[in-house]
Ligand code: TRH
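Okay, here we've got a single chain as structure tokens, the form predicted alone, with questions on binding and movement later.
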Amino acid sequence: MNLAMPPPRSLVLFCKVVDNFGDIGICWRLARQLHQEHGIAVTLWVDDLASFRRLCPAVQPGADVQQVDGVTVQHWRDQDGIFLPVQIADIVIEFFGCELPPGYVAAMAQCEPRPVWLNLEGLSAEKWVEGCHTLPSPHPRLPLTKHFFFPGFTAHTGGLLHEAGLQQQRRQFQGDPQISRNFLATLGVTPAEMAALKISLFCYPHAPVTALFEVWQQHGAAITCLVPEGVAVDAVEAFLGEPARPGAVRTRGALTLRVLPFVAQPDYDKVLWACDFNIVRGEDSFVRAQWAGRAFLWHIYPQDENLHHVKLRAFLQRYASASDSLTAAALLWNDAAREEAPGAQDWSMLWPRLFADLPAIAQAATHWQQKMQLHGDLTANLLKFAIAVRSAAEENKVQSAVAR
């Protein structure tokens, strides 16, 4: 029986910020796209408005409830109050296993029809993800079922976040050098710095930044490294010899290091588009680097017992199998090279190989983009699945009534 269910009109997304910018970065992109491209009324619950504001300056950290770009932003303070069924959205998403307020879950069980409940998981290239994608998880006490939804790199996952028109915007930006120069000039980058090999740096504090700076100083051609304020502070300040404030700049040897202001998400995309090589971290900037069509190096979020190294290798096997230098660099950058080869080479040996491979790596990045686009975008895939779950639940309800 095919039943015409009304499309979902409302969605609530719960986010607890663990990685300062990655979690809220993903959730904000998803919330904005759901509203702007699909007309969904979205409420975003987030516990860290200060980190959110770094990515979206319109956010007011002291507001309990506010409207930002058409999305209702609710400050999540572990509310344990009572919710009414009329307050429950058609689709409820918890990001990365954060626990929903107990009162909200209780109200979900009282709704008719009940909302679609999804656990949006973290991104991984591991094979097991395909088997767990969309799996149901019945609540132990309440008449509710949660489904796991995994982003990923194959047709058997939810795909990657990708806004409509993103590639057209990127091609227009990268196709006109003057657009790129004008944008970089707004960040204080000089014409001489623009003419050099441009590298963006966004990493966790434990990255081997100092060792890479030393090698770049000895490089045969000029390098401009653009680093956002607050990133790799100890290494950056040691290089600068002064506080790492926006606008701080110093040249040593072939390397010029410039501190940028921490920009909003749309401008960070442009930074990635404007650079020749991008060093990114976590999940949000990792995905955006893939859509930038440039060579990039990923600093993965660290986990206990080096479980992140397993995830790193799973991605590299899919992405960088044709580039030995990029694979070696990623392992060394993430302190995983010792596990592969105890006598792993250092940056002075590896960087010249990686530099020589950059054009080929960038070309491979374009092919990777095309392959990822075939899987559709995460937001549309998520909505399609939610609609299917709603329809299946209603059909089961009708069939049960007929059987009685």
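Being a predicted model, the structure only gives us computed values, none of them experimental. We number the residues from 1 along the sequence you see.
Another form exists, predicted in complex with the ligand; not displayed. Remarks below refer to it.
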*So which of 96, 117, 277, 104 gets a non-hydrogen atom within 4.5 Å of the ligand in the predicted bound form?*
96
*asked:* Looking at 213, 173, 319, 268 here, can you tell me which has any non-hydrogen atom within 4.5 angstroms of the ligand in the predicted bound form?
replied: 268
*From the candidate stretches 25-33, 42-50, 66-74, 364-372, select the single one in contact with the ligand in the predicted bound form, where contact means a heavy atom within 4.5 Å.*
25-33
*in the predicted bound form, do 177, 194 and 273 all put a heavy atom within 4.5 Å of the ligand?*
no
*asked:* Does any part of residue 162 reach within 4.5 Å of the ligand in the predicted bound form? Heavy atoms only, please.
replied: no
*asked:* My question is simply whether residue 14 lines the interface with the ligand in the predicted bound form - judged by any non-hydrogen atom within 4.5 Å.
replied: no
_the ligand contact at residue 281 in the predicted bound form, heavy atom, 4.5 Å_ = yes
*Answer for residue 183 alone: is it within 4.5 Å of the ligand in the predicted bound form, judged on heavy atom distances?*
no
